[in-house]
Ligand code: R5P
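First, one chain by itself: the form predicted alone, in structure tokens.
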Amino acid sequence: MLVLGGTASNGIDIGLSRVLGYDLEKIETSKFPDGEIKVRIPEIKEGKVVIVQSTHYPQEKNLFELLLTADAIKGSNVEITAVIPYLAYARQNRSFYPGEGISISTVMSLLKAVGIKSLVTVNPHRSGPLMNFGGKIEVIRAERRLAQHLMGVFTRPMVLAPDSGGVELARSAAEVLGCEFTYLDKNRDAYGNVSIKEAHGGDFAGKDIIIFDDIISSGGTIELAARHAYSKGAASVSAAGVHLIMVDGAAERLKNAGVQRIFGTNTVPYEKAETVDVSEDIAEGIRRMERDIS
């Protein structure tokens, strides 16, 4: 058994090696003069290999490093599992306009083409399109691990989903915290401007609101939710995101909206947040997969 850690493994490769008892090796990368990357791996003749590589920014570089690594192993008598904590291109899961490519389908086809037999990922944007992969898939839900980290941190917690799509994630987090949850309805006008229409239940007054979401990217949705919570009397607002992408001034946007603390996981590196290691959850997912295969 071997864990191969890529340049974007974010310490999860080390955690998996420790929890599963697998040997750990690092993927060596270098560049040609024109900027093209190449990888080098240890000699592998047989057995099971777990490649750990998140595909956050720079997405193309991190994804291609993963593909090159798997392809370098493919000729051996080896069973390859890819652990992709943050799976890029999952947002484009259908053609929203005529002529658009479905990027997650392309990614799934590439993973299959380089010999990856099993896939483990954390809170993908949509799970359905992953079925195009064709191999074994294990989806890890990290919001409960994140919620466990928050137990005892807040005096009067209430979990808030910033839109109806996050209801199940919020419900799961609130169950761990033993508190109530609610969600917001958004309204988008003809010009693309987004506003909060209403909250579905819950008394915000005096509560420590924790906005839970799978991905915090530009922070615009979290900003709107935070301002709405304060307008309804919230004592404090914090944000918890499984994947902290944090682009386009997101940190400043959340700060200006009164978000006091940001929590996340190590699926994506973000130094300004309080992060939780999801290695044990991924390790358990790998164990479940092995039990199902055997």
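Keep in mind the model is a prediction, meaning the values are calculated, not measured. The first residue of the shown sequence is 1; numbering continues from there.
Another form, the form predicted together with ribose-5-phosphate (R5P), is not on view; read the next lines as being about it.
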Work out which of the listed stretches, 219 to 227, 173 to 181, 98 to 106, 137 to 145, brings a heavy atom within 4.5 angstroms of ribose-5-phosphate (R5P) in the model of the complex. 219 to 227
ribose-5-phosphate (R5P) in the model of the complex: contacted by all of Glu46, Ile73 and Lys117, heavy atom 4.5 Å: no
Looking at Ala199, Leu130, Ala88, Ile215, which has any heavy atom no more than 4.5 Å from ribose-5-phosphate (R5P) in the model of the complex? Ile215
Report the residue, out of Glu168, Glu79, Asp203, Asp163, that has at least one non-hydrogen atom within 4.5 angstroms of ribose-5-phosphate (R5P) in the model of the complex. Asp163
Taking 4.5 angstroms as the cut-off for heavy atoms, does His125 touch ribose-5-phosphate (R5P) in the model of the complex? yes
Looking at the partner-bound form in the model of the complex, is Lys186 within 4.5 Å of ribose-5-phosphate (R5P) by any heavy atom? yes
